[in-house]
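First, one chain by itself in structure tokens, the form predicted on its own.
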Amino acid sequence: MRSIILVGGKGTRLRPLTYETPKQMLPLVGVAMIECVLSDLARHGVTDAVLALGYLPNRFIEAYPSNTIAGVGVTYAVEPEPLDTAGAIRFAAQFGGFDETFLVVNGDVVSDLDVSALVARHRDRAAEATIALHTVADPSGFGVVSTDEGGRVLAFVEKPAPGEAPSNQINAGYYVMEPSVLNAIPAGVRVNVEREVFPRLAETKTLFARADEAYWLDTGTPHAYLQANVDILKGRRSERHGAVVVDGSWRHPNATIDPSALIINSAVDADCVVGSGVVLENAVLLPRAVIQSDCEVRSSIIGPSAIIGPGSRLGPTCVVGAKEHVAAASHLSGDVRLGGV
């Protein structure tokens, strides 16, 4: 099966990390998120994918010049202007010449979802489109879906007000679609699949859904991005990821870590330097980050080539952008974001 991967968003909730790096290129325990997504899809028979690019497209193209990611052949469809989710799907499908049933995946979701079962449900119901569903406690930040006993979608409500959701089942960001769906999307204009296309398909009774309670995480916030890394470190997904986790943490072979440093549930990427007396807990250090002596970094993300001055206390939940320098003895906590364009 062929797939479209939606990777065109600006990742505003993860700024400042995403000013220079698309969120799908951020690493999960040393492996770019896009590689994790495509590796999972390859297990379900996806052989080719079109990356629907908009924001910083050259970061993907330069990183994977061989047009292969995690064993999946890829092509790059760069939007001439922002087209929103449905517009991006149509643009990428036409770019790739899609003329058979295809898969669409949000590129910032990591999941163990059973894609093969989703495709089977789609074909069994002769659907135009089928949505994967996941149950959450608070659905107000997501697209909420209600279905009948046969899985036909009755209502699709995008980000309802708290207490007004028709169910706790949300759009998991995995869709199976027929090429006929593309005919309902105007070319070259902004069209949203959740707010415009899915409600129309629900009205024609050709939209179905399948619930899947497998591991699922939208990595679009600092808290969720940290959680995705910690889940791998704690073994929840390490068998699929391939990370070599030692004592609950991962250290890139090229990282330099003082023997006195205490590393707990943390990922230390390539060419990082961790000084004496440092404590890292539930932290992610991106390549070339430097943590000088006697610092504590907890539940925080330190960007590429950032420097944390000696004696500093960070977290939770601090996000330090690329090349930022935090002064010695700084004490930062809460939703702190350091760094700009």
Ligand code: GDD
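Note that this is a predicted model, so its numbers are computed, not measured. The numbering used is simple: start at 1 and walk along the sequence shown.
The same protein also exists as the form predicted together with the named molecule; that form is not shown, yet it is the one meant from here on.
Residue heavy atoms within 4.5 Å of the named molecule in the model of the complex occur in exactly one stretch of 106 to 114, 254 to 262, 206 to 214, 223 to 231, and that stretch is 106 to 114. Shown alone here, G9 lies within 4.5 Å of the named molecule in the model of the complex, counting heavy atoms only. Interface membership of E128, defined by any non-hydrogen atom within 4.5 Å of the named molecule in the model of the complex, is ruled out.
Proximity of F102 to the named molecule in the model of the complex falls outside the 4.5 Å heavy atom cutoff. In the model of the complex, the named molecule lies farther than 4.5 Å from every heavy atom of R236. Although the partner is absent from the chain shown here, none of D40, F98 and M177 has a heavy atom within 4.5 Å of the named molecule in the model of the complex. This chain appears without its partner; in the model of the complex, the one residue of V74, A202, L83, A243 with a heavy atom within 4.5 Å of the named molecule is L83. Within 4.5 angstroms of the named molecule in the model of the complex, the stretch 13 to 36 places a non-hydrogen atom from each of R13, K23, Q24, taken in sequence order.
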